[in-house]
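Below you will find one chain, with nothing else, as C-alpha coordinates; this is the form predicted on its own, and questions on how it binds or moves follow later.
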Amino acid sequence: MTGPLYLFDVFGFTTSLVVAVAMGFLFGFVLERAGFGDARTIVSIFYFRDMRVLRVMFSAIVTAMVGLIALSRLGLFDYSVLVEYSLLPTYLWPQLVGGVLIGMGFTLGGYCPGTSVVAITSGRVDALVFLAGMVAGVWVFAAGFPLWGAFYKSSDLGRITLWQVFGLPLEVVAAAMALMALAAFFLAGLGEKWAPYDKAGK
(Lines give C-alpha, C1' and ligand atoms only; values in the text may rest on other atoms or scores of the structure.)
Protein backbone atom coordinates (compact mmCIF):
# COMPACT_ATOMS: atom_id res chain seq x y z
CA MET A 1 0.00 0.00 0.00
CA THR A 2 2.91 2.36 0.66
CA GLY A 3 4.88 1.00 -2.30
CA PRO A 4 4.67 3.89 -4.79
CA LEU A 5 5.51 6.60 -2.24
CA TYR A 6 8.29 4.57 -0.67
CA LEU A 7 9.79 3.59 -4.04
CA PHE A 8 10.02 7.25 -5.06
CA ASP A 9 11.64 8.26 -1.75
CA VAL A 10 8.69 10.37 -0.59
CA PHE A 11 9.41 8.97 2.88
CA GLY A 12 11.79 6.48 4.43
CA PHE A 13 11.45 2.84 5.44
CA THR A 14 10.48 3.52 9.05
CA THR A 15 7.79 5.98 8.01
CA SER A 16 6.47 3.46 5.47
CA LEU A 17 5.98 0.93 8.27
CA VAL A 18 4.10 3.47 10.39
CA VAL A 19 1.90 4.40 7.43
CA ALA A 20 1.28 0.72 6.64
CA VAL A 21 0.23 -0.03 10.23
CA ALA A 22 -2.08 3.00 10.30
CA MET A 23 -3.67 2.05 6.98
CA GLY A 24 -4.02 -1.56 8.13
CA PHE A 25 -5.76 -0.43 11.31
CA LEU A 26 -8.19 1.76 9.37
CA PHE A 27 -8.82 -1.00 6.83
CA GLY A 28 -9.57 -3.50 9.59
CA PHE A 29 -11.85 -1.01 11.34
CA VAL A 30 -13.85 -0.46 8.16
CA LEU A 31 -14.09 -4.22 7.54
CA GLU A 32 -15.43 -4.81 11.03
CA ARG A 33 -17.92 -1.94 10.81
CA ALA A 34 -19.12 -3.31 7.45
CA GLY A 35 -19.80 -6.68 9.07
CA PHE A 36 -17.01 -8.53 7.29
CA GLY A 37 -15.57 -9.71 10.59
CA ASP A 38 -18.52 -12.09 10.91
CA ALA A 39 -18.23 -15.42 9.07
CA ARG A 40 -21.99 -15.54 8.58
CA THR A 41 -21.93 -12.32 6.58
CA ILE A 42 -19.18 -13.58 4.30
CA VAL A 43 -20.63 -17.06 3.78
CA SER A 44 -24.04 -15.57 2.97
CA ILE A 45 -22.80 -14.77 -0.54
CA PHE A 46 -22.65 -18.49 -1.33
CA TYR A 47 -26.28 -18.88 -0.29
CA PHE A 48 -27.54 -15.78 -2.16
CA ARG A 49 -28.66 -14.23 1.13
CA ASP A 50 -26.39 -11.19 1.33
CA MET A 51 -24.21 -10.13 -1.61
CA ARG A 52 -22.42 -7.28 0.17
CA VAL A 53 -19.04 -8.97 -0.24
CA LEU A 54 -19.41 -9.11 -4.02
CA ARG A 55 -20.60 -5.51 -4.21
CA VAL A 56 -17.82 -4.17 -2.01
CA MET A 57 -15.01 -6.13 -3.68
CA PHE A 58 -16.14 -5.37 -7.23
CA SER A 59 -16.66 -1.70 -6.32
CA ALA A 60 -13.14 -1.54 -4.88
CA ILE A 61 -11.64 -3.13 -8.00
CA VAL A 62 -13.42 -0.78 -10.39
CA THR A 63 -12.71 2.30 -8.24
CA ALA A 64 -9.00 1.50 -8.02
CA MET A 65 -8.87 0.73 -11.73
CA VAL A 66 -10.54 3.97 -12.80
CA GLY A 67 -8.48 5.95 -10.30
CA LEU A 68 -5.18 4.53 -11.57
CA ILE A 69 -6.15 5.19 -15.18
CA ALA A 70 -7.05 8.78 -14.34
CA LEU A 71 -3.78 9.28 -12.46
CA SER A 72 -1.90 7.75 -15.40
CA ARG A 73 -3.51 10.14 -17.86
CA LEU A 74 -2.61 13.06 -15.58
CA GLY A 75 1.00 11.94 -15.53
CA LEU A 76 0.90 11.11 -11.82
CA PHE A 77 1.17 7.35 -12.16
CA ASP A 78 3.28 5.03 -14.31
CA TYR A 79 1.84 1.60 -15.08
CA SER A 80 5.30 0.24 -15.79
CA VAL A 81 6.14 0.73 -12.10
CA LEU A 82 3.06 -1.26 -11.10
CA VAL A 83 3.91 -4.10 -13.48
CA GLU A 84 7.57 -4.18 -12.51
CA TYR A 85 7.27 -3.93 -8.73
CA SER A 86 3.74 -4.97 -7.71
CA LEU A 87 2.25 -7.29 -10.31
CA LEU A 88 2.92 -10.93 -9.48
CA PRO A 89 3.85 -13.36 -12.26
CA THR A 90 1.04 -15.57 -13.55
CA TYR A 91 1.46 -19.31 -13.03
CA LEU A 92 -1.76 -20.42 -14.70
CA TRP A 93 -2.44 -23.94 -13.44
CA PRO A 94 -0.99 -23.59 -9.93
CA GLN A 95 -2.99 -20.40 -9.39
CA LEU A 96 -6.18 -22.03 -10.67
CA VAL A 97 -5.71 -24.88 -8.20
CA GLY A 98 -4.88 -22.39 -5.46
CA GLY A 99 -8.02 -20.40 -6.29
CA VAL A 100 -10.17 -23.50 -5.92
CA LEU A 101 -8.55 -24.39 -2.59
CA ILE A 102 -8.89 -20.91 -1.13
CA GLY A 103 -12.50 -20.80 -2.36
CA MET A 104 -13.21 -24.03 -0.52
CA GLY A 105 -11.57 -22.68 2.60
CA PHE A 106 -13.51 -19.44 2.25
CA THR A 107 -16.78 -21.34 2.00
CA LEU A 108 -16.10 -23.79 4.83
CA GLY A 109 -14.43 -21.40 7.25
CA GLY A 110 -16.23 -18.19 6.43
CA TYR A 111 -13.08 -16.10 6.40
CA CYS A 112 -10.16 -15.06 4.24
CA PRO A 113 -6.78 -14.31 5.85
CA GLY A 114 -7.53 -10.62 6.33
CA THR A 115 -11.05 -10.94 7.69
CA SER A 116 -9.97 -13.70 10.09
CA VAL A 117 -7.49 -11.30 11.72
CA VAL A 118 -10.20 -8.64 11.95
CA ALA A 119 -12.56 -11.15 13.55
CA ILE A 120 -9.93 -12.25 16.08
CA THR A 121 -9.58 -8.67 17.31
CA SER A 122 -13.34 -8.75 17.92
CA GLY A 123 -12.97 -11.87 20.07
CA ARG A 124 -14.37 -14.47 17.66
CA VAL A 125 -13.00 -17.91 18.55
CA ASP A 126 -13.94 -19.45 15.19
CA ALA A 127 -11.66 -16.93 13.48
CA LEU A 128 -8.80 -17.98 15.76
CA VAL A 129 -9.36 -21.62 14.79
CA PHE A 130 -9.46 -20.61 11.11
CA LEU A 131 -6.19 -18.68 11.40
CA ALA A 132 -4.54 -21.60 13.22
CA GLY A 133 -5.64 -23.90 10.40
CA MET A 134 -4.26 -21.48 7.84
CA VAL A 135 -0.87 -21.36 9.59
CA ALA A 136 -0.85 -25.16 9.78
CA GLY A 137 -1.60 -25.28 6.06
CA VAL A 138 1.34 -22.99 5.34
CA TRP A 139 3.63 -25.32 7.27
CA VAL A 140 2.29 -28.38 5.44
CA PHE A 141 2.80 -26.63 2.11
CA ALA A 142 6.35 -25.65 3.01
CA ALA A 143 7.20 -29.14 4.28
CA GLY A 144 5.85 -30.78 1.14
CA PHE A 145 7.30 -28.27 -1.29
CA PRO A 146 9.87 -30.77 -2.66
CA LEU A 147 6.91 -32.86 -3.83
CA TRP A 148 4.88 -30.17 -5.57
CA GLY A 149 7.51 -27.48 -6.13
CA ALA A 150 7.78 -28.27 -9.84
CA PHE A 151 4.02 -27.85 -10.28
CA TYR A 152 4.11 -24.66 -8.22
CA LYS A 153 6.51 -23.09 -10.74
CA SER A 154 4.86 -24.50 -13.87
CA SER A 155 2.96 -22.68 -16.65
CA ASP A 156 4.80 -19.41 -16.00
CA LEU A 157 3.23 -16.70 -18.18
CA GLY A 158 5.22 -13.86 -16.67
CA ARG A 159 3.77 -10.52 -15.57
CA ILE A 160 0.73 -10.10 -17.80
CA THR A 161 -2.38 -7.94 -17.75
CA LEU A 162 -5.83 -8.36 -19.27
CA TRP A 163 -5.27 -5.68 -21.88
CA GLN A 164 -2.08 -7.43 -22.96
CA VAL A 165 -3.80 -10.82 -23.17
CA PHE A 166 -6.68 -9.52 -25.30
CA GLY A 167 -4.62 -6.98 -27.24
CA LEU A 168 -7.05 -4.17 -26.41
CA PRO A 169 -6.56 -0.60 -25.19
CA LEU A 170 -6.52 -0.24 -21.42
CA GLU A 171 -9.61 1.97 -21.45
CA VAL A 172 -11.65 -0.64 -23.36
CA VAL A 173 -10.79 -3.33 -20.80
CA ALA A 174 -11.62 -0.92 -17.97
CA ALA A 175 -15.02 -0.13 -19.52
CA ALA A 176 -15.70 -3.86 -19.91
CA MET A 177 -14.84 -4.44 -16.24
CA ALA A 178 -17.15 -1.62 -15.18
CA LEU A 179 -19.99 -3.13 -17.22
CA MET A 180 -19.26 -6.52 -15.67
CA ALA A 181 -19.54 -4.94 -12.22
CA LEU A 182 -22.90 -3.37 -13.04
CA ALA A 183 -24.17 -6.68 -14.40
CA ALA A 184 -22.90 -8.48 -11.29
CA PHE A 185 -24.69 -5.97 -9.03
CA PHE A 186 -27.94 -6.51 -10.93
CA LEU A 187 -27.63 -10.30 -10.79
CA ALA A 188 -26.70 -10.12 -7.11
CA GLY A 189 -29.98 -8.32 -6.41
CA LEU A 190 -31.90 -11.01 -8.26
CA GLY A 191 -30.02 -13.68 -6.32
CA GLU A 192 -30.96 -12.12 -2.99
CA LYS A 193 -34.62 -12.08 -4.02
CA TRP A 194 -34.38 -15.67 -5.21
CA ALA A 195 -32.74 -16.91 -1.96
CA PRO A 196 -33.22 -20.61 -2.83
CA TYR A 197 -31.67 -21.92 0.39
CA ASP A 198 -33.96 -19.82 2.57
CA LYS A 199 -37.02 -21.15 0.74
CA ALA A 200 -35.96 -24.80 0.97
CA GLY A 201 -38.28 -26.83 3.11
CA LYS A 202 -40.96 -24.13 3.26
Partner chain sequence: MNENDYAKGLWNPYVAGVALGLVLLLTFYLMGTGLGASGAVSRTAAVVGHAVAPQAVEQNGYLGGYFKGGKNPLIDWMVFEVLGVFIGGLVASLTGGRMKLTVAKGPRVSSGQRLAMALGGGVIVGIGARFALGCTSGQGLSGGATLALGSWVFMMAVFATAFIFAIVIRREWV
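Between two forms, the rigid core is defined as the largest C-alpha subset superposing within 1.5 Å. Residue numbers count along the first chain shown, from 1. On a predicted model such as this, the values are computed, not experimentally measured, just so you know.
One more form of this protein should be noted, the form predicted in complex with the partner chain, which is absent from this view; the next part is about it.
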4.5 Å heavy atom contact, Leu88 to the partner chain in the model of the complex: yes
The partner chain contact in the model of the complex: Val21, any heavy atom under 4.5 Å: yes
is_contact(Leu26, the partner chain) in the model of the complex, heavy atom dist at most 4.5 Å: yes
Close approach of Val56 to the partner chain in the model of the complex, 4.5 Å, heavy atom: yes
Contact set, 60 to 88 vs the partner chain in the model of the complex - heavy atom within 4.5 angstroms: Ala60, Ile61, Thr63, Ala64, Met65, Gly67, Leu68, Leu71, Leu76, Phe77, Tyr79, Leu82, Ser86, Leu87, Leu88
Rigid core fit then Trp93 CA moved by 2 Å or more between this form and the one not shown: no
